[in-house]
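Next comes just one chain, in structure tokens: the form predicted alone.
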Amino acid sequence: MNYEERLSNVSVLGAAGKMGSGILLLTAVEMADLSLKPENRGKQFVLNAIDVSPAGLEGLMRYLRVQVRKLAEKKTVFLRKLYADREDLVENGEIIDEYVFDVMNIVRPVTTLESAFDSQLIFEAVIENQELKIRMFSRIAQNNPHQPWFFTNTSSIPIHLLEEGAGIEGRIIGFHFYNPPAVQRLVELITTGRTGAELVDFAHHYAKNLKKVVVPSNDVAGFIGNGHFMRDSLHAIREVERLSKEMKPVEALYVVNKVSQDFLVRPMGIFQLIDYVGVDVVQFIMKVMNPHIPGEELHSDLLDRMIGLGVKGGQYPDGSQKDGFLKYEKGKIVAVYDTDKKDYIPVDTFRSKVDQYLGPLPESFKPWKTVNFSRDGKDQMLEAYFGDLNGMDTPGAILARRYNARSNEIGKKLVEDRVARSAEDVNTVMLTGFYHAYGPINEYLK
């Protein structure tokens, strides 16, 4: 079965979720582009959007229609070539409308798993529940005569456990899109000892067509991205606990968040990132990883308290940030959650005190956006900045060096434990998937 035949009938499980909807969008467009090739005219392409929520599927179809139109508007030259034989399509608007129709015509929104029984390829993007995934895979495998391939988007569960549990040896691969899939370029590709070579080749072909950057990860819980992120988060939480002995906990949390963003030149502070992912999601990923990571305790009492108080973070359907460790107004941090008072404390009540404690940033400091998107001189800017920071003995500089040293240690341990195959792979994940300006395995801070 060649590439196009494999993509002629596809199912996405959890299609109405945030990850599933992005995977569905990318796959729908890829399938539509294949179907419009002259040699494929008349062939049927079917993409089953499977989800338990009818309302979610209704919203998915609206989302899909809007996003496909946006994509079509950006590739009218390509579309004119696809529709070159259609004399009835003259104006760009007519071509765009036709393309939207053709993409939408491929998608079948359904609530029954049975729809996947005729698919050659299954994408899975349901919640991080090992038993649920195994149950779905098993049912499909037992009723699908095509020996389908399974692409799981799990970010933490070892792939071999899903493979063995569902009895689909050699037919499953970890294909971890980053959030949101339609925007993020990174994919972590995880194989087991049984993964078929043909499946791996197909995965690379698919990723290349989607213009994704593929980083291989060995089959260890959490893989590279969460392997670093979870430990990075725990370091931040422990720093808050340590600093809380000399200042208020909300001040300590603000300090660590500011250090991890400004002093380390990152796109957002660590607690803002936890809020973005979801406090509950981070806690859950740690629970999934912990039994598989001997000698470590991937757990936080602070996360447990936040969840117990109903503070979960995450995002609203429109992508705006929900309140978590931090409270946001128009995207800006305005308060920090106090677990004792069970309320948010405005940042303005302690900002000046904390900023004075941290001390100034080096004069050579440039914000993350300036550094990360610099066409020339990015390395020189970072070397100059961290060279200055290394010579400072302010609390902010000291905390930054401690933080970066731990990040560096985590990155190297991922290579040592054979989660990542190289330091370059660790750095690529953090640069591409987390938008860091530099990788954790670096020599910037001495």
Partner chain sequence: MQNLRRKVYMTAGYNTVSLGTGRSEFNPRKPRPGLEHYIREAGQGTLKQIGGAAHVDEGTIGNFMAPRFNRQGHLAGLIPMIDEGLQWKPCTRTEGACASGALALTAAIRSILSETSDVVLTIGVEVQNSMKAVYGADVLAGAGWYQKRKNGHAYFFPGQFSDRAGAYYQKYGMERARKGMGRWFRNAVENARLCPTAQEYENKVPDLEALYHKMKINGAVFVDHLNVLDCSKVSDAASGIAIMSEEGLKRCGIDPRDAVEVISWAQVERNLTSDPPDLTELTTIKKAAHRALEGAGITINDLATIEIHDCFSIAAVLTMEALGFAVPGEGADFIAAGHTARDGRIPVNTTGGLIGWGHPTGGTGVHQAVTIWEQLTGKAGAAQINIPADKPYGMTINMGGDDVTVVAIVYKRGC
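Positions refer to the first chain, counted from 1. Since this is a predicted model, take the numbers as computed values, not measurements.
FYI, the form predicted in complex with the partner chain isn't displayed, but the following is about it.
Undergrad: Can you pick out, from Asp318, Asp376, Glu329, Glu363, the residue that has a heavy atom within 4.5 Å of the partner chain in the predicted complex?
TA: Of the listed residues, the single hit is Asp376.
Undergrad: Of these, Arg86, His292, Arg194, Lys322, which has a heavy atom no more than 4.5 Å from the partner chain in the predicted complex?
TA: Looking at Arg86, His292, Arg194, Lys322 one by one, just Arg86 meets the 4.5 Å heavy-atom criterion.
Undergrad: Gly359: heavy atom within 4.5 Å of the partner chain in the predicted complex?
TA: Result no; Gly359 lies far from the partner chain in the predicted complex.
Undergrad: Does any part of Val77 reach within 4.5 Å of the partner chain in the predicted complex? Heavy atoms only, please.
TA: Yes, Val77 sits close enough to the partner chain in the predicted complex that at least one of its heavy atoms falls within 4.5 Å.
Undergrad: So in the predicted complex, does Asp301 come within 4.5 Å of the partner chain, heavy atom to heavy atom?
TA: Asp301: no, not in contact with the partner chain in the predicted complex.
Undergrad: Residue-level contact is defined here as any heavy atom of the residue lying within 4.5 Å of the partner chain in the predicted complex; does Val183 satisfy this criterion?
TA: Judged by the heavy-atom cut-off of 4.5 Å, Val183 is well away from the partner chain in the predicted complex.
Undergrad: Are all three of Glu73, Asn92 and Ile96 close to the partner chain in the predicted complex, meaning a heavy atom of each within 4.5 Å?
TA: Every residue of the spot touches the partner chain in the predicted complex.
Undergrad: Heavy atoms within 4.5 Å of the partner chain in the predicted complex: which of the stretches 145 to 153, 284 to 292, 102 to 110, 78 to 86 has them?
TA: That would be stretch 78 to 86.
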